[in-house]
Ligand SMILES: NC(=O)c1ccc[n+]([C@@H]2O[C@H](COP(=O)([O-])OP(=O)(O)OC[C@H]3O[C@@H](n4cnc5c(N)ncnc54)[C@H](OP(=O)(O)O)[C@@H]3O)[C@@H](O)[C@H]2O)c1
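Shown next as structure tokens: one chain only, the form predicted on its own.
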Amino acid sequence: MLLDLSGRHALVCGASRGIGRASATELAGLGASVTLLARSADALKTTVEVLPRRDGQHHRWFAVDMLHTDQLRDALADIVADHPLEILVNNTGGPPGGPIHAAEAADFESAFRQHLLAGQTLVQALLPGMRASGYGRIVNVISTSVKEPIAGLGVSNTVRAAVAAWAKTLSGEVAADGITVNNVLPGYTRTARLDGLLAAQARSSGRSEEEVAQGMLASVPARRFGEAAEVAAVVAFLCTPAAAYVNGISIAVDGGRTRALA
């Protein structure tokens, strides 16, 4: 199985922690040079220093908030001017929880910009380099809510579904150029995002975080939360030559929690 990414250049968004950081680590371990992107410069400096590194690999970082697409576009111009990118891991933090009927229009607008418009900005900047090299891998880290909406995550359910539809459309447009577009759908994964959801549900329900966690786990056949590295392993595989004929799909990494067949 051809998993070597030596000589490839990857951009990993949300790379300062959680699934993004784990994905950057996996890609670097397979030989790719990795550019990290997130909001926190301090966290990025720490992360880039601990990435696996072989001769010929060059890792770097850019501190950008994906909510601000103009700033993102400027940063991407600097990144691709130095070296084209063949791999994009499109990953960013999820919108705050809450019922959809209580969400304000601004909540949807902010989430739409941070997720779908940022993704469009990333793709438009990176596609020329992918096409020139005849190799491209775009992996969007979304949510199992694109298969089954999750109660209490109204804005997230809505915007994640839009991203999935965008990605499916894109996958058909760029496949002939040697570019694949796929989605990874994490289930309950041990990250800061999960910690925040547990705390929020505990406050709103009057239960302890442990009780909330056990309620979540009751729906997971594996009876445990996932680890960021387990999600990252699937992300990394989709970026390799071995996954060249995998295109336009959404893979749940959720311990079997999603009940949908497709």
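From a predicted model like this one, the values you see are computed outputs, not experimental measurements. Residue indices: 1-based, along the sequence shown.
If you look for the form predicted together with this ligand, you will not find it shown, but the lines that follow are about it.
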The single option of Gly136, Gly187, Gly119, Gly154 touching this ligand in the predicted bound form, heavy atom within 4.5 Å: Gly187
Leu30, Leu217, Ala202, Leu67 - the one with a heavy atom within 4.5 Å of this ligand in the predicted bound form: Leu67
This ligand in the predicted bound form: contacting segment from 141 to 149, 78 to 86, 164 to 172, 101 to 109, heavy atom within 4.5 Å: 141 to 149
Contact of Leu194 with this ligand in the predicted bound form (heavy atom, 4.5 Å): yes
is_contact(Arg39, this ligand) in the predicted bound form, heavy atom dist at most 4.5 Å: yes
Thr240, heavy atom within 4.5 angstroms of this ligand in the predicted bound form: no
Gly129 within 4.5 Å of this ligand in the predicted bound form, heavy atoms: no
Sequence-ordered list of residues in 1 to 18 near this ligand in the predicted bound form, where near means a heavy atom within 4.5 Å: Gly14, Ala15, Ser16, Arg17, Gly18
